[in-house]
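Let's start with one chain on its own, the form predicted alone, as C-alpha cells.
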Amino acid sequence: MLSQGISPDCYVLPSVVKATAGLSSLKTGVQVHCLAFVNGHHSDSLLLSSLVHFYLKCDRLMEARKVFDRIPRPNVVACSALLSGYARKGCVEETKELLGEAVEMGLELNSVSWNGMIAGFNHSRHFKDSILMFRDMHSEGFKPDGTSISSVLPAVGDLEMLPCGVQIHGCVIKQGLSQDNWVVSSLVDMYGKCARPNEMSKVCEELHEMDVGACNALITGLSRTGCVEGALKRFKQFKRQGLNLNVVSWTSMIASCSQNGKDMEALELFREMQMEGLKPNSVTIPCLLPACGNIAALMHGKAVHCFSLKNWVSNDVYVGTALIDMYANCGRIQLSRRCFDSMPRRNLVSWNALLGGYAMHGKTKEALEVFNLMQKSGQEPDFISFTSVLSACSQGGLTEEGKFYFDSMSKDYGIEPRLEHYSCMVSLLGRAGRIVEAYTMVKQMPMEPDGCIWGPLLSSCRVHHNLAIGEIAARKLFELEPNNPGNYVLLSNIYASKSMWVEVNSVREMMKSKGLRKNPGCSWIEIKNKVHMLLAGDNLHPQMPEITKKLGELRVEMQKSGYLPHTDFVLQDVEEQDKEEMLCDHSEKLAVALGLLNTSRGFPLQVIKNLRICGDCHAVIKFISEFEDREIFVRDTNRFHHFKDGACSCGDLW
C-alpha cells in the first residue's frame, strides 16, 4: 500500500497496529506509530487505544501510559488493559492511581477491568492485593464470575487463607459455578495449598464430569498434603474411567512418588506413560531422575539419560542438573562432572548439585576446586553452596579449612550461618575428636539448637566414646524428638561400647514404654536392571541359603587373614559367638553377598543403606573389595563409601 503511494488512514492503521501486537514486533509497531504521527493521526482515539494494547503486548508499560494520556476520550477497554498491565508488573500504587483517575473521568469499569487486575496481581505474586481487589470488586456491586473466582483462589491458597477460601467457595455455590471446571480446579488447588485433602475430594465428587484440569489439581493437591497413596488411587481410578490424562497428569504423579519415597512406583509410571503413547518432556525428566538416584537404579537412570538425549532435552538446565544429582547419588561422580562440563548453560542449582555430589563422596579437594571455579565464573555462592563446602571439609577431616570457610561465609559474603552450617561445624569438630570444642560452639550459637545440631554431636560422642557430653546431647534430643528411635539407639551404642548393660536395658525400657522400635536395617542393590531390597535378618529372599553360605565362606577367609569381628556394634549382652552371628545378618552384608553371587568377577556393586553403616560391616566390605577384586559403592545416610583394593574413600572417618 505504501509502495503504491497510498497513505493509510485512521481506519487502516489500528488494524496494522493490532497485527504488529500479535507478532510482538516492537520495531514495526514503533514505525507504524511514527507514520501515524507524521500523517496527523496522533489524536485519533481508536488508533491510540490500539497503540496502548500494542505497547502492553511488547512489555513497554511506560510507553503505553504515555499513549493512554494522549487519548482525548479514553475508553474503558484501553483503561482496563492498562490496569491489567500495571497489575501484572506488580505496580500496586500505579494501579490504584489509575483506578482513581478512571472514576474521575467517569469511566464505568466492568467485570473485565476487575478480572484483569485480580489476575494481574496474582501473576505478579502480589497475592494480598489480588484478594483486596476481589473484595473491592464485590463491594462495588459487581458479581464475581468464574474468571474472577478462578483468578483469586490461587492467591488465597498461596497465602493459606482458608477462611477466605471457604467464603469464596460459598460464593461459588450461591452463583451456581460448582460445575465450572476452571473454578473447581482452582478450588481443589486452594484446598490443597491449605492442606485440606477431604475438602479437595468433596469438591471433585460434586462435579458431574471431571476434566483433566480438575484431575491434575486433585492429584497435585493430594501429593502436596502427603496423601501419596490417595493420589495414586485416584490416578488409577481416572485411568479406568477413560479420562484423557495428559503429560501434566503423569508428570505430577511421577513427581509425587519420587518426592515421597515411592521410587519404584515412579519408575513404573514412567514406563506406563510411554506405553500409553505420551511423550515425557523436559519437566518429566527432572521429576523422575531423583527416583533413580534415591535407590541407586543406575541402569534406569542411564536409560532416562539416553531418552533425554534422543528427544533433545538434555541441554535443558533443569534436566542437566537432575542428571548431575542422579549420577552422584548412584556413585558415579565422574559422570556427574561430565554432565556438568557438557551443559551449555548453568545456574546456581547446577553448581550446588556438583558441589553436593563431591561432598557426599568425600572428594574434598574436588569440592573446593569447584567452589573456587564457581566464584571465578561470576556465580555467587549461597547458603547451600557453603553447606556443601563445610560438609566436604567435614568428610575430609579438614578442620582448620572448615573453620576458615565458616568464618568467611559471613565476613566475605554476608551470609549469616544457619542451623545447617552449625550442624556441619559440630560434625567437623566431632569427627576430629574435638567434642568439647563442638559442645562449646553449640552453647554459643545465636539460635536455639535443634535435632540437626544435637544429633551430630551425639553421633560423634558415640564414635569417640564420650559418655558425659553424649548423655547431655541425648537428653536434649529426647525432648526435641521424643519419638525418634535413632537417638535412643545411639545412646545405647555408647553404653554398650562401655559394657554398661544396665543402662542399655534402661534405654530399651524407655523405648518400649513409648512404643518405639529401632528402624530395621534395609539395603537396596540393583542387579541386571532389577532392584532387590534386603532387610536385616531377612529370610524371605529366595537366594538366602546361597547368601548365608557365601558370607560363611568369606568369614573363614577373613579369619585366616586375622580379621576379628567388631562385636561392640552388637547392642546386647550375649556371648561373643552369638554377636558374630548377629553381625552376619546386617542388610548391607546380605546385599553385597547377593551382588557377588549374581554378577561376574570384577563387576562393581552399588548398595544403598537406610541407616549408617556400622564399623564391622565397613571392615568386612573393605576386605571383600580386595579379596573378590570388586569396586563396591555403599551409600549410607551420611555419605558415600567407595571400597576398592581393601581401602575406603572415607579414610575410615566414618
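Keep in mind that this is a model prediction, so the values were computed, not measured. The numbering used is simple: start at 1 and walk along the sequence shown. Throughout, rigid core stands for the largest set of C-alpha atoms superposing within 1.5 Å between the two forms.
There is another form of the same protein, the form predicted in complex with the DNA; it is not shown, and what comes next is about it.
task: Look up in the predicted complex whether residue 155 has a non-hydrogen atom within 4.5 angstroms of the DNA, and give yes or no.
output: Close contact is absent here: in the predicted complex, residue 155 is far from the DNA, nothing within 4.5 Å, heavy atoms only.
task: Would you check, heavy atoms only and a 4.5 Å threshold, whether residue 53 touches the DNA in the predicted complex?
output: Yes.
query: Does residue 350 reach the DNA in the predicted complex if we count a contact as any heavy atom within 4.5 Å?
result: Output for residue 350 is no: heavy atoms all beyond 4.5 Å of the DNA.
- prompt: Can residue 625 be called a contact residue for the DNA in the predicted complex at 4.5 Å between heavy atoms?
  reply: No.
message: Please determine whether each residue of 76, 146 and 251 possesses a non-hydrogen atom within 4.5 angstroms of the DNA in the predicted complex.
response: Checked in the predicted complex: all three residues contact the DNA.
message: Among the candidate stretches 448-456, 469-477, 168-176, 212-220, which one is within 4.5 Å of the DNA in the predicted complex when only heavy atoms are counted?
response: That would be 212-220.
task: Name the residue from 129, 265, 316, 401 that puts a heavy atom within 4.5 Å of the DNA in the predicted complex.
output: Residue within 4.5 Å of the partner: 316.
message: Please identify the residue among 201, 113, 387, 124 with any heavy atom within 4.5 Å of the DNA in the predicted complex.
response: So the residue touching the DNA in the predicted complex, by this definition, is 113.
task: Any residue of 278-308 with a heavy atom within 4.5 Å of the DNA in the predicted complex counts; write them all down in order.
output: Residues within 4.5 Å: 281, 282, 283, 286, 287.
message: Tell me whether residue 110 is among the residues that move between the shown form and the other one (Cα shift of 2 angstroms or more, core superposed).
response: For residue 110, whose C-alpha is compared between the shown form and the other one after core superposition, the shift is 2 Å or more.
field: Shift of residue 354 between the shown form and the other one at or above 2 Å (CA, core fit)
entry: No; that C-alpha moves by less than 2 Å between the shown form and the other one.
query: Core-aligned, is the CA shift for residue 153 between the shown form and the other one 2 angstroms or more?
result: Yes: residue 153 shifts by at least 2 Å between the shown form and the other one.
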